[in-house]
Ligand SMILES: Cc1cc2nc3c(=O)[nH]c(=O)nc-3n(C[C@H](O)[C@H](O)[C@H](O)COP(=O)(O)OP(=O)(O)OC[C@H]3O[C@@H](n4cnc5c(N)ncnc54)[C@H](O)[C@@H]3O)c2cc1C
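The chain below stands alone, shown as C-alpha cells; this is the form predicted alone.
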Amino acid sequence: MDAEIAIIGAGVVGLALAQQLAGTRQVAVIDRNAGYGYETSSHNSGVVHAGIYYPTGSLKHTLCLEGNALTYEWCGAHSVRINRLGKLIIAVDGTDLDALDAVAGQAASNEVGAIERIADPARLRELEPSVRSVAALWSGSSGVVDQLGLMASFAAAATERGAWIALKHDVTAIERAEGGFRLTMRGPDGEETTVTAETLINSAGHGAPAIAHMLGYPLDGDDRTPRLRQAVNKGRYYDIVTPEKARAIRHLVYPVPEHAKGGLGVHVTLDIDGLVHLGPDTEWLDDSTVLDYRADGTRRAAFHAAASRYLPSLLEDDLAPGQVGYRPKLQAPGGPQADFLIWRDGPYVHLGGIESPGMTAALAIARHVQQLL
C-alpha cells in the first residue's frame, strides 16, 4: 500500500485528522481544490463555539466542548490568531424570554462554563450600547479564529510528521483492493493516477455521499448502514460597512436560535480582522445543487429586517453583500437537529453532516477518529 491512511478532503477536519494521525502512520490527504478548505471551512463566520445549543450527549455537544479548549490551546502554541471576545445570546423583547430560558437550560445541561444570565439594562447597555435587548446570556468561552491560519497550521504539522497532501486531485473511482482501497484520481494535468491505502477516511464535506456511493453504500441507509445522504443549506452574509456602526459592535451577538430553519438566526459576528458581518441566513437546496459562492444583493432588505429588530439604528444602506457558504446537513428541511455522523465500517470511516460546530470540534473529531481506529 502507498499509505496506511488516505483522507479525502483537505478542509479543517481533514487536516486536523492528518496532523493527529501522521505521527504514527503514513497519511495521504487528497482534495480536488487548489488550496485548503476552499468550501465549507473557509466560507463561515470563524466562530469558536462553546457547545451551548446541541442536544446533551450528542457528538456535537461533547466534541464541541472538548474542541473549544483544544482550539484555544492549539492556537496559542502555534501562533494562530484567535480572540476570546465572548458572545451575547439576546432576548430582544419579552416574546423571546422563554426561548432564552430554553437556551440557558441547554447550556446548563451541557455543562458549558463561563455562562452568565444578564437582565440588568445598564449592564446590557454597557456591553453592547447599540443592541436592543431585555435579557441575555453571556458566553465567555466563545470567540473567533483565523480559519485559514488554523488550517495552514494543521497542514504544516501534518507534513512535518510525514503526511503528504495532494491538492487538485479529484477522486473519480474507488474500489476495494486486497488489504485496503485503490483510489483513482484525476490530477491537475487531466491524467489519471492511483493510490492505495489500508484505511480510508471520508472527510469530503459536501462530497462525502458521492465518495460513499463509489464504495456501494446505500445513501438512504439500510439495516447495517446509517443514512449517508445530505442536504445542502445555503447561508448568505452581509457586511456592516458604515464604519461608526461597525465599530459600535464589541462582541458576537446572537438572537435566540432558529433550529427548525437549519441555523441560529441572522446574528452579528466580528471576524479575526475586526470586520463585522450579519448572517448567515438559511435556504434549503437540493443535494445536487452546484455550489455558487458568488455574493449578490437580493436579500439585503430581508437581512435588514431581521437585524434591525435588535440593531435599531441599522439602515439598509449600511449593508453590503458578503460571503456565501453552504452547510452539509444530515438534518431534513424543517426537521429536528441532526448530529455529526462519524461511522466506521472496518477500514472505512465516514464523516457526514460536519457543519457547525465542525471547525471548533476539528481537533476533538480527530482524536475521536483516532480512537475508532
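Numbering starts at 1 and runs along the sequence shown. Keep in mind the model is a prediction, meaning the values are calculated, not measured.
Here the subject shifts to the form predicted in complex with this ligand, a form of this protein not shown in this document.
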Check Ala10, Thr40 and Gly207: does every one of them have a heavy atom within 4.5 Å of this ligand in the predicted complex? yes
Of the listed stretches (166-174, 93-101, 72-80, 122-130), which one has a non-hydrogen atom within 4.5 Å of this ligand in the predicted complex? 166-174
In the predicted complex, Tyr237 touching this ligand (heavy atom, 4.5 Å): yes
Is there a heavy atom of Ser45 no more than 4.5 Å from a heavy atom of this ligand in the predicted complex? yes
Looking at the partner-bound form in the predicted complex, is His304 within 4.5 Å of this ligand by any heavy atom? no
Using the partner position in the predicted complex, report whether Tyr348 sits within 4.5 Å of this ligand, counting heavy atoms only. no
Quick one: of Thr62, Asn33, Ser308, Gln26, which gets a non-hydrogen atom within 4.5 angstroms of this ligand in the predicted complex? Asn33
Which residues from 323-339 come close to this ligand in the predicted complex, meaning a heavy atom within 4.5 Å? Gly325, Tyr326, Arg327
